[in-house]
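Below you will find one chain, with nothing else, as structure tokens; this is the form predicted on its own, and questions on how it binds or moves follow later.
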């Protein structure tokens, strides 16, 4: 099995299941033109997030890690007119690109982008008494434990928490890994295992983004 084959299959599935979306394709082109890294979720992964949000009939969504706004747009599209996505982004350049993308795709009215360090913004959301139905975490992996803990504090029974990039090309099994990102994922896994309020699973994925995966946590109490 090879990256070339994974990407080809991704392309086939996207052609079968996803409609042509000129606006989103322009968002990606603009992101590339601004020099942002191409580390957003794939179109198929983004559709999965949309399906989950829609199936839950979620209205309040939290995203940690906006990048250029691609996933936030997909999350916002799954919400009713009175639904809202609060998305957190540290990098000013990324935040500016995301705001432009929100306006270009007509979802700016559904999205509240909070700039700054998520480690500081999340406690402020708690102070504002936010409760979220769905949380998507796709930020620096070193702080995954903190993000999951804060997401749990901002949740209710029935909230779904999804974390991206949890396989790390299989390095997640390596307890001696020198990667801070891998160790951040491992610490998160240890926390999830010990947290009775979470029922969790994870899926390995291959595709245009390589070999990785997502973790899924349901808040049960």
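Numbering follows the first chain given and starts at 1. Note that the structure is a prediction, hence the values are computed from the model and not measured.
The same protein also exists as the form predicted together with a small molecule; that form is not shown, yet it is the one meant from here on.
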Find out whether any non-hydrogen atom of residue 186 is located within 4.5 angstroms of the small molecule in the predicted bound form, and reply yes or no.
-> no
Taking heavy atoms only, is residue 138 within 4.5 angstroms of the small molecule in the predicted bound form?
-> yes
Hey, in the predicted bound form, does residue 165 get a heavy atom within 4.5 angstroms of the small molecule?
-> yes
Is residue 39 close to the small molecule in the predicted bound form, meaning a heavy atom pair under 4.5 Å apart or at it?
-> yes
Partner contact check in the predicted bound form: of 52-60, 188-196, 165-173, 151-159, the stretch with a heavy atom within 4.5 Å of the small molecule is 165-173
